[in-house]
Every structure is written in structure tokens, then in C-alpha cells.
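Here you get one chain, nothing else, as C-alpha cells; it is the form predicted on its own.
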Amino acid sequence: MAVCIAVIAKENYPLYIRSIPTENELKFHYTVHTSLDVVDEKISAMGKALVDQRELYLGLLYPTEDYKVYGYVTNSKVKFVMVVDSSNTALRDNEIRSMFRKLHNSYTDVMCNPFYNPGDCIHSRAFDNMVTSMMMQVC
């Protein structure tokens, strides 16, 4: 199950972080921020191939004992990070990829809102409901 979903701005500050077990929220903030180094490494390693290939999904960033961390980057360099419970072996790579696509579509809807200032934290109820349903759906 997905235990944490984060949206990170181009300048590497969080726009949105949601975790299910709220007692470990600080641990997930740390996990998300440490994964940004791996995201930057993968983006720089892909270099121009990322633009040519249009592959936004970065795949598994790194596994820990309890969790697996996946990444996705948009064309505007906004990063999505998803922390998944590693005990869930039924969750396949294509399912993670479709969850990121759904998250990207919902983020695009937030950006299209004329009352949203780009760069501000995301306080959209629709976006929050979509993330919550996505986290519960995988359980």
C-alpha cells in the first residue's frame, strides 16, 4: 500500500505531502527529501534522453527495509514521490506507473485552477480526495 505521496516543486520544496500513518509523518518527510538526491541523479544521467524519450516515470528510486520509494518527474521539473510498503508484493511496476499518471492528471487540474498561484502549497480538496482514494485503493 502507498503510505506517503509527495509533490515537490522544481526548487525542491514540498508543495504537498500526505502520509497515512500520521505518527510517522516526520520519517516520511525525511524519506521524501532524501529521495530527491536520487531523483536529481537519475534526471542528470538521462540528460537529453529524458526530453527525447518523454519518459517521466523514474521507477524505483531506492528500497529500504520497510518501504520502496518510487519517483516521477514532470516536464516542468515538478517531482512526485511515492513511498510504498515493501510488504505489498502484489503491486507491480505498471500499477505504480498508472498511479503516477493519475496523480499527474490531478496535479494538472490544480494548476489549471485560476485561483491557484503556482509555487504555493496545494490546498485543493479535490486533489486531497484523489490522493486519499489512491492510497486506500491500493490497500
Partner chain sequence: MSPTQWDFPVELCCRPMAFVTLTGLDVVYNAVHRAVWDAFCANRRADRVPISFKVLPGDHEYPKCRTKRTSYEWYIPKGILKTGWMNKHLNLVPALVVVFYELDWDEPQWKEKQSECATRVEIVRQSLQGRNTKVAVVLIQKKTPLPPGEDVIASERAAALCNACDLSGKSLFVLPHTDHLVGYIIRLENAFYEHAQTYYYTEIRRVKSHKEFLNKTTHQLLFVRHQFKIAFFSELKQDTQNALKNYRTAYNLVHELRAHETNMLEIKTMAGFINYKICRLCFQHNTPLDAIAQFRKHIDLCKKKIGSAELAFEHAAWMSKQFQAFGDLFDEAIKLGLTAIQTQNPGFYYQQAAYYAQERKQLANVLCNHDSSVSYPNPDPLETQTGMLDFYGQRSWRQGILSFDLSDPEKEKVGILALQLKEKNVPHSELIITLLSNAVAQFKKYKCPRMKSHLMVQMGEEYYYAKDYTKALKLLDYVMCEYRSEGWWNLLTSILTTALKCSYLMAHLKDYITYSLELLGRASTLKEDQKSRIEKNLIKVLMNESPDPEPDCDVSAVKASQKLWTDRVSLAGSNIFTIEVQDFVPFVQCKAKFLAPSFHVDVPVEFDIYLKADCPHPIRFSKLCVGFNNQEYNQYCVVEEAYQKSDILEYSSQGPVCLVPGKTRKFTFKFVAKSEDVGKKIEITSVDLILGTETGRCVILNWRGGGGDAASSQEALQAARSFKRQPKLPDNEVHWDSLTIQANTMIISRVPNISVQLQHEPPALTNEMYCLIVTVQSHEKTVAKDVKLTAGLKPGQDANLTQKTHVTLNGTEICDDSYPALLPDIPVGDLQPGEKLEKAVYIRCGTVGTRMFLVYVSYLISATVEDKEIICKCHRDETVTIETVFPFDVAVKFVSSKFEHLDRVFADIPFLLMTDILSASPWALTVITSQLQLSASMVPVDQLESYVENVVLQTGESASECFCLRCPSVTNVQGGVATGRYVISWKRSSAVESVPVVCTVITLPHVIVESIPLHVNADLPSFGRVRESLPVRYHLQNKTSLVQDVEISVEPSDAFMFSGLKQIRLRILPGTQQEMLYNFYPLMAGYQQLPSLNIILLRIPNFTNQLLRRFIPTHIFVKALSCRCLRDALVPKQ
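Each form is matched to the other, and the largest set of C-alpha atoms that superpose within 1.5 Å is called the rigid core. Just so it is clear, the structure is predicted and the values come from calculations on it, not from any experiment. Positions refer to the first chain, counted from 1.
Another form exists, predicted in complex with the partner chain; not displayed. Remarks below refer to it.
Interface membership of residue 33, defined by any non-hydrogen atom within 4.5 Å of the partner chain in the predicted complex, is confirmed.
Although the partner is absent here, residue 20 is not a contact residue: none of its heavy atoms lies within 4.5 angstroms of the partner chain in the predicted complex.
Mapping the unseen interface onto this chain, residue 82 falls outside it, with no heavy atom inside 4.5 Å of the partner chain in the predicted complex. Taking the partner from elsewhere, residue 95 is found to have every heavy atom lying beyond 4.5 Å of the partner chain in the predicted complex.
In the predicted complex, the partner chain lies within 4.5 angstroms of at least one heavy atom of each of the following residues of 12-44: 12, 13, 14, 17, 26, 29, 30, 32, 33, 34, 36, 37, 38, 40, 41, in sequence order.
Positional change of residue 120 between the shown form and the other one stays under 2 Å at the C-alpha, relative to the superposed core.
If you fit the rigid core between the shown form and the other one, you'll see the Cα of residue 23 move by 2 angstroms or more.
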